[in-house]
Every structure is written in C-alpha cells, then in structure tokens.
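A single chain comes next, written as structure tokens; it is the form predicted on its own.
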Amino acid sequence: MNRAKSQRRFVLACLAPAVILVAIFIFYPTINVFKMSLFRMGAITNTSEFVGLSNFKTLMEDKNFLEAMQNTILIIVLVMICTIVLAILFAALLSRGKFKGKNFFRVIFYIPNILSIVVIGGIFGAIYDPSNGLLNTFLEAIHLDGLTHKWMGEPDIVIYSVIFALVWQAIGYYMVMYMSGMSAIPEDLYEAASLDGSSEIHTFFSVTLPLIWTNIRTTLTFYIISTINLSFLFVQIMTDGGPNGKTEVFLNYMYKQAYGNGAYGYGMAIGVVVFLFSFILAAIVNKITDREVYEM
C-alpha cells in the first residue's frame, strides 16, 4: 500500500510542473479571453464596461469580419486540399520511386519549412513583382503576356497568391510525415500486390493510402490550426489585409481591432470565435474522416 502511494506521489510530482505551466500559460489566458470578450475596453487603458454579449452581436453584423471569415475558410480549404494532395504525391514518389537524387529532392522540398516567414514573404514579393518579378518575366518569355498580373495588387487574385505561398511553405513538412508512415509499410504487401497484377496506382489507393490514413487524419487537425496561424503571418507580411480587405483573415482582423483601433474587448470576442471555430471544425473533420484502421 505504501509502495502504491509512493508511486502515485512520484507520478504527481513528475506531472505537477507540466500541469502548472499548462494552467498558467494556456488555461488561464484562454479563460481570460472569454472573460474580456464580455467587456468594452481599450488596449492600454484600465477602464472597462461590462456589455455581455454585445460584442458578439456587433461581430455578426460586421461585414469586414464576415469577409475575413470567408477568406479564412477559403484559405483553409484550398491550402488543406492542395497541400495534402501534393504532400502525399511527393511522399509516394520519394518513398517508392526508383530514380537518382531522391535524397537531394527530400532536402529541397523541406527547405521552405525551415525558412523564416519574413524570408518567404520577401521571396514571393520578388516573384510576384509586376515589373521585374520572376513569374511575369517567365510568362513574357514564353509569350503568355496575357496571363501577367499584378499578383499582389489585384483584388480578384491576391488571395490565391497568398494561398500559393502557404502551400509552398507547408508541403515539405507534411511530406516528411507521410514518408515516415509509408516507410513503415512492410515490403511484403507491395510484393503481394505486384504478384496479383496490381498497377502502381491501384496499389497506392488499395495499400499505401489505407495504411497511412491515421497519419492523414492526425495532420488534418494540424492543417486547420497551422493554416489559421500562418495565414495571419503571411497576410501581415505580404499584404497587410489589402487590397480593400480582400486578404483579411481572422487573426489579422482581430489584431487590428484590438491593438490598431483600441477595441480590446471586441478583439477578444473575435478571439473567442476563432477558438470555437477551430475546435468545432477540427471535431467535424475528425468525425468525417473516421474509418476502420487497417493494421500492418
């Protein structure tokens, strides 16, 4: 009995530092955000006025916020679809493909993930430059002048320019995660599929994809959370929400309201919506992608 008690005390002593840190730096700030969203208050003043759910009511009537929500959803959907398809494709090629230089391509694909967001913003700023940018210069060189644009200045296409940068940055990270899952698949399964006359494409969909499905489901939550966070950084660096709010996203708009306009309580209300949106969307995606796990 004494031994069992001592073991429990040891476990609690080991867990206590982590629990305390999580409580201080995650639980308390989250609860505080919910609390502050019920007040009308400034970012640098001590004055506050309890307004209940008034901030949320104003939020639902705020056209700029609703546009930021639409932009965020569009970015999440397109970035998630493009990244997951390309990351799985490249992971399959570099895991199962038979060609020279595979290690070189692994490094090349992963480099964007280790670059600073500021550096990536600078790179794409140079690529998208309407006068001397790489993209327009290339299009002109192959006589497709009609496809040249002001990639960061035209309201109809600017958000897709940001999305492309987000996809480019994320592919390498998720590719490595999928490659680790593919490397754990026994070679016997591929040999059996080959003996049965299965093509490479059929083998991919019948063997590889089902066996890495758990990895894919796990990364879907990462896609949602990381895209919400990274979209703010990319937008802040590349466009600052412009032109005319066409690239405004959740966190970008929240930052401007809380610290730019001094409406701190209103900004915290946006933070609450972002928190609930992320949680609910992750739960929905997790439920939709639930399926029987195949074991190797």
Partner chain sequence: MNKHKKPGNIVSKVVIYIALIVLAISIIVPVAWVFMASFKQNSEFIGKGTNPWALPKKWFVQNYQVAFQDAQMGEFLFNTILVTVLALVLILVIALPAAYVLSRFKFRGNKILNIIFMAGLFINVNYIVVPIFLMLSDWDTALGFQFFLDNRFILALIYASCHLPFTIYLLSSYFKTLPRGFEEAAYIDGCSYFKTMVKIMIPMAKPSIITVLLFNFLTFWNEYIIAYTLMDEHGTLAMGLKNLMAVERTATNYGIMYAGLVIVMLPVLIFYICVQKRLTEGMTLGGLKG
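Here, rigid core means the biggest group of C-alpha atoms that superpose within 1.5 Å across both forms. Predicted model, so just to flag it, every value in this text is computed and none were measured. Positions refer to the first chain, counted from 1.
The form predicted in complex with the partner chain exists for this protein as well; it is not shown, and the discussion that follows is about that form.
Under a 4.5 angstroms non-hydrogen atom cutoff, the partner chain in the predicted bound form lacks Ile216 among its neighbouring residues.
For the chain shown alone, Ile171 is a contact residue for the partner chain in the predicted bound form, at least one non-hydrogen atom being within 4.5 angstroms. Of the heavy atoms in Asn113, some are within 4.5 Å of the partner chain in the predicted bound form. In the predicted bound form, the partner chain sits beyond 4.5 Å of every heavy atom of Phe50. Listed residues Ile157, Leu209, Val77, Leu134 were compared with the partner chain in the predicted bound form; Leu134 is the one with a heavy atom within 4.5 Å. Screening Asn261, Asn229, Asn64, Gln70 for any heavy atom within 4.5 Å of the partner chain in the predicted bound form leaves a single hit, Asn229. If you take 98-121 and check each residue for a heavy atom within 4.5 Å of the partner chain in the predicted bound form, you get Lys98, Phe99, Lys100, Phe104, Phe105, Arg106, Val107, Ile108, Phe109, Tyr110, Ile111, Pro112, Asn113, Ile114, Leu115, Ser116, Val118, Val119, Gly121, in sequence order. After superposing the rigid core, the C-alpha of Thr30 moves by 2 Å or more between the shown form and the other one. When the rigid core is held fixed, the Cα atom of Val19 travels 2 angstroms or more between the shown form and the other one. With the core superposed, Phe279 shows a C-alpha displacement below 2 Å between the shown form and the other one.
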